[in-house]
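First, one chain by itself in structure tokens, the form predicted on its own.
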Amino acid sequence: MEQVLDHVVFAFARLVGSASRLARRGAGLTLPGRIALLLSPSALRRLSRSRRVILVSGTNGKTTTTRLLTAALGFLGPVVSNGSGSNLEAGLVSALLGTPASRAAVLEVDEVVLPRALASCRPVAVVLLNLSRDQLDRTSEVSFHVARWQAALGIYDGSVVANADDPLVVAAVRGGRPTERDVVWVAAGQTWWGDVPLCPACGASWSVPDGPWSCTGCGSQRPEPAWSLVGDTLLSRSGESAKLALALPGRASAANAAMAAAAAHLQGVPVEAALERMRSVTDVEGRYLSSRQGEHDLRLVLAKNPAGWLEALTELVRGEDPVVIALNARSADGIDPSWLWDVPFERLRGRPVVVTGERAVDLSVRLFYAEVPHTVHPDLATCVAALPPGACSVVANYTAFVQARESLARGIA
């Protein structure tokens, strides 16, 4: 009887999603899941129980890592995923609805949702990327995530693939699993230290490390990694070596690929086979999308919080091309843009910069104090028109990124 009821509920949810898409009321990425959860609150557990599930969570890089891991696991057979980034419970349910239960699933999960997803999905593995400030009006400080992840990992009995270079992730994993049983540590790198001014284990003050981190107060230190990212090469503790050679640019993409490769290897995919499949990924939901618009060659970059902006700016300073920066502060972005003052925009000095978005004035004030000459324009089209012909990077936070991606799809020239 229970299975019959599930079949009816899930069929109805899929039907509603299809109707929504036909009526052009949305992409149907979360509505089917919301309907299914309304009618069956345990829908995520029911849809996951006979699947091989891997969860991917963290503040930055979830969507890219999920896309790369999905590609890598394709070596073993078909994989279902919420690759569009709908990472709350409704998005997870929507991704699983209507797909064969025999298919493996790689699911991106919001940091807040992760403890519930671990309990519902009972995944074979969870990939933990990083923790940093993001949308404080919705999710609170990072210590909140450390405590909740720690409690959830204390109950979860599957494998953990975790970034050894992030002390906050390490604190959560070690707190929940002190013996480090079934934990695969990956030295994926860490460039943003603004959210770890103190040792998360004992509260002692420390300085930003040049190499592997450690605390002189309590002796806590970076775990010995099973996999290490060194430049563009992934090295294993056993001596295995593989060049990434990704189509996706930047250090962050390489770090995401290292985490994905370690997770895929844990599931039986040879590292070189995993990387070969990852190399076919050229953009992730518009991230790093290149677009020719009239006389301009635009590259679209997502940067949603200080850690993400630092990665983006680190890549940008290697060139001299103009930069368009777009900033909104909607619910999906976090309505408080005060984090702008933690971003080292000073790195943009000496190159043409134009700004736009709903919070362009806030951004303009920050750039003024960073001594970065710039102009403000009402939309992406006028920003681009104000620049000389040639290459240009468009860096935007989440909803501004979505708007820019849609504008490029329509053609702004």
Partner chain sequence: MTASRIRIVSVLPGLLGTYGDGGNVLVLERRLAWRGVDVEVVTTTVDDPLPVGGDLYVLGGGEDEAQVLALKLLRGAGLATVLERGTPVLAVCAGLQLLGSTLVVGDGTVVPGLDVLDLSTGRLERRAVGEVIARPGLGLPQLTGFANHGGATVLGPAAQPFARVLSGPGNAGHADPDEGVLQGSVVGTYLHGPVLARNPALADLLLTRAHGGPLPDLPVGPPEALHAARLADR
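Since the model is a prediction, treat every value here as computed from it, not as a measurement. Positions refer to the first chain, counted from 1.
The form predicted in complex with its partner chain is left out here; the points below concern that form.
*Asks:* 191, 250 and 398: each with a heavy atom within 4.5 Å of its partner chain in the model of the complex?
*Replies:* Zero of three within 4.5 Å in the model of the complex.
*Asks:* So which of 284, 226, 79, 142 reaches within 4.5 angstroms of its partner chain in the model of the complex, heavy atom to heavy atom?
*Replies:* The option sitting close enough to the partner is 142.
*Asks:* Would you kindly say which of 46, 51, 359, 377 lies with a heavy atom within 4.5 Å of its partner chain in the model of the complex?
*Replies:* Of the listed residues, the single hit is 359.
*Asks:* Does residue 320 reach its partner chain in the model of the complex if we count a contact as any heavy atom within 4.5 Å?
*Replies:* Taking the distances in the model of the complex, the answer for residue 320 is no, it never comes within 4.5 Å of its partner chain.
*Asks:* When the contact criterion is heavy atoms within 4.5 Å, does residue 366 count as touching its partner chain in the model of the complex?
*Replies:* Taking the distances in the model of the complex, the answer for residue 366 is yes, it comes within 4.5 Å of its partner chain.
*Asks:* So in the model of the complex, does any heavy atom of residue 336 sit within 4.5 Å of its partner chain?
*Replies:* Yes, residue 336 is a contact residue.
*Asks:* If we define contact as a non-hydrogen atom of the residue within 4.5 angstroms of the partner, is residue 75 a contact of its partner chain in the model of the complex?
*Replies:* The answer is no: residue 75 has no heavy atom within 4.5 Å of its partner chain.
*Asks:* Thinking of its partner chain in the model of the complex, which stretch from 291 to 299, 230 to 238, 102 to 110, 142 to 150 has heavy atoms inside 4.5 Å of it?
*Replies:* It is 142 to 150 that comes within 4.5 Å of the partner.
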